[in-house]
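Here you get one chain, nothing else, as structure tokens; it is the form predicted alone.
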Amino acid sequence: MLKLNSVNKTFNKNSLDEYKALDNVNLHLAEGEFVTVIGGNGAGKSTLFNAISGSVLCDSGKIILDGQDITYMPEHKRASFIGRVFQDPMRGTAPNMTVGENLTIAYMRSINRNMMGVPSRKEKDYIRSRLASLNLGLENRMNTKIGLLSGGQRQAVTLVMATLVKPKLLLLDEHTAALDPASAKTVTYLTRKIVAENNITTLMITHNIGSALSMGTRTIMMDSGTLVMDLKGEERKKASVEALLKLMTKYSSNTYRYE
């Protein structure tokens, strides 16, 4: 489904600030696989996501998604089949537009239609039903400006926006890190539910080691732009938070959470 072959990215080339953000990264994900990504600040996690989504173009290597070479495809074209939810609940939405308008734009983009077009009655009912499936009552706030929602509510809407039409790949960029504990718990539950029900191939960055081991089917760790750990199967099932934290101290001085 997703293949990264020898992907490299260096920023600020030929300057004192030059650094290699991605160093010969090779990563293969099967269809429906849910992989959690851990690593300290500067490990290359966000650059990895940016290279996949197209907001950063890699220097060399290939990125193949569902058999298609997207290495140098423009970001706006990838947006129709790659969903992404950011850490900041304010990103990925238009705060001065309503919940309904944001959802409609996301839906129209995903089906490659004019984003300012008008969906059919059947499509409107579908969008509303997807919002209702969250059980947060947000289907009754379709005319509320999305900027007036709480962080947790907004992140839940953004999650629906990213998956209204099943994406080939879903990127979750620490999407619960900025939320209060109760909201984070709700969004985590909704993430599990939506990904499982739709069998969505997913990559999720997290600093929560408990979540990294309990969510999804596989855990990888990055350091200095490379993959330094790949846990799956029985090895992952047997891994403990404490053991993983000890292993991670070899690579990073960052503080990780036990929860």
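Please read all numbers here as calculations on a predicted model, not as lab measurements. Don't overthink the numbering: it's just position in the shown sequence, from 1.
Same protein, other form: the form predicted together with a small molecule, not shown, and the subject of what follows.
Contact with the small molecule in the predicted complex, judged by any heavy atom within 4.5 Å, is made by just one of 32, 42, 210, 61: 42.
Annotated contact segment (heavy atom within 4.5 Å of the small molecule in the predicted complex): 44-52, selected among 190-198, 44-52, 229-237, 64-72. Residue contact with the small molecule in the predicted complex: residue 14 places no heavy atom within 4.5 Å of it.
Residue 21 belongs to the set of residues with a heavy atom inside 4.5 Å of the small molecule in the predicted complex.
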